[in-house]
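Read the single chain below, which is given as structure tokens and is the form predicted on its own.
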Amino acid sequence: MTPAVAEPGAMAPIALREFHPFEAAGERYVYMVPSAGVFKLDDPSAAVIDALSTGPRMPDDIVGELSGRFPEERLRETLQELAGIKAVGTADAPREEVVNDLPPEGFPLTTMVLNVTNKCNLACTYCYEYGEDKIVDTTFGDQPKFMLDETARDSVEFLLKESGDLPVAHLTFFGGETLLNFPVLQDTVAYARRRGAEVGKRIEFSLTTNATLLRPDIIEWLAENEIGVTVSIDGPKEMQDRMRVFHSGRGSYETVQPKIKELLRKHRTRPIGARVTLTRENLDIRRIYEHLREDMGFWEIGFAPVTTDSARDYALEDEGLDDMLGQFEELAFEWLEAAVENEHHGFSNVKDTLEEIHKGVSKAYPCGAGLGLLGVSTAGEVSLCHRFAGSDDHGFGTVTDGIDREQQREFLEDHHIKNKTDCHTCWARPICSGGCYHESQVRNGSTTGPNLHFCTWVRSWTHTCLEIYGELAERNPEFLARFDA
């Protein structure tokens, strides 16, 4: 527990405040809301919490009740400590409101996602860019199919300027299928590296690809330039070929499998990850993980449920989300046992959530979109993120004119968790903050609302990750230092 910093009113009843209790390795913990702090309860603290579980009590009554088990002085110190972390407080104190803490003016851009093309050589059934849920018409719209060198260079200058004094900025290439515009990737990396050196800033590069266009010279370039690579792939052959198909309807597994093997064999300068889209028809997570990690050799595998309208045949609804949660939990505790032994496990979903817990992340927004992360369309229009690239309704300026700060500020005000009243009583809001904007747009027709269909899942998954965090804190606390970077 923290040192005593406050004392509840001795003449007024006190009550429990907002937190989520959990247990790990035989110990009791609390996850504080909204501060996102994690505290281990010693025996007196746990006893006080239990004494208040039935309702408000006078402090002296609690001390008197528990004085046979603990020294009175220790109990009063415990009450002060619990008040200090806001686990207890005066019973008639108003509920702590969600603060409308907007980010400061001129906050830096940390990541720019460059949509170098909006064309793709695959026709994945669930694709948010080309399927039934698309927000921007990339087929018949006015957006150019490929980003020009000039636009890419303007985008680099935009990143260098908008990242401010940050020593490192991140540039991610995206599509469509990113490698369809490989010449622009080559030129942009060379230009960005030179310009970054001139202004004293390091730029780190990554890209996402479906792997169909990988060839030896591209793989060599990726390795030599230390480009982080994420491969979109859905698992073994029958799973990959179910929805990730060419325009002819032919499955893509036989095409990508040898190319991925070669990528993993030759590209050793950065870890290579896989990103799996989970649908109602693609939910054998254990089998997918084992195939991609053990058979293919990916360093990490991340899973994401498809973002789509609930009416789609492949949408994940209640039963599917429950199935996904159960399998996630199995992999998560397997990840824990590896971490206890300081061994690597490739399930990135649990690692990402644990890092947020360790750093005490309490989000006003669900992600960095529109804040530290912005997407750029093939025409150089700046948007909320890559999923909204080219959308007139979600734009923040252009790479040549800069960010429209008024429009960005309006977005941040409208989308702050302060305005998501459904979230205000949820203990998992520091991690979730309402969920993905794209999912909300697809399901609700607006980015402003929380994704209520996902709430039970988020709470259950966060609880699991808290348990794993507590287990690590007890069994291998040194491992948690890896999240400090």
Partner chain sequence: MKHLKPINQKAGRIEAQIQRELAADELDVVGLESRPPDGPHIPLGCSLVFFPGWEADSQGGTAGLCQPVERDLFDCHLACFWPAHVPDQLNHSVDWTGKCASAQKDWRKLDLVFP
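Residue numbers count along the first chain shown, from 1. Predicted, not measured: the structure shown is a model, and the values here were computed from it.
As for the form predicted together with the partner chain, it is not shown, yet the points below apply to it.
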Legend entry - Contact check for Leu207, Arg242 and Gly251 against the partner chain in the predicted bound form, heavy atom at 4.5 Å: no
Inset, instruction - Report yes if any heavy atom of Cys426 sits within 4.5 Å of a heavy atom of the partner chain in the predicted bound form; otherwise report no. - result: no
Inset, instruction - Give a yes or no for Ser45: in the predicted bound form, does one of its heavy atoms lie within 4.5 Å of a heavy atom belonging to the partner chain? - result: yes
Legend entry - Contact of Gly326 with the partner chain in the predicted bound form (heavy atom, 4.5 Å): no
Inset, instruction - Spell out, yes or no, whether the shortest heavy atom distance between Gly360 and the partner chain in the predicted bound form is within 4.5 Å. - result: yes
Inset, instruction - Considering the partner chain in the predicted bound form, find the one stretch among 34-42, 435-443, 60-68, 454-462 with heavy atoms no farther than 4.5 Å from it. - result: 34-42
Legend entry - the partner chain: the contacting residue among Leu82, Ile301, Leu374, Val116 in the predicted bound form [heavy atom, 4.5 Å]: Leu82
Inset, instruction - Tell me, out of Glu77, Glu262, Asp284, Glu334, which residue has a non-hydrogen atom within 4.5 angstroms of the partner chain in the predicted bound form. - result: Glu77
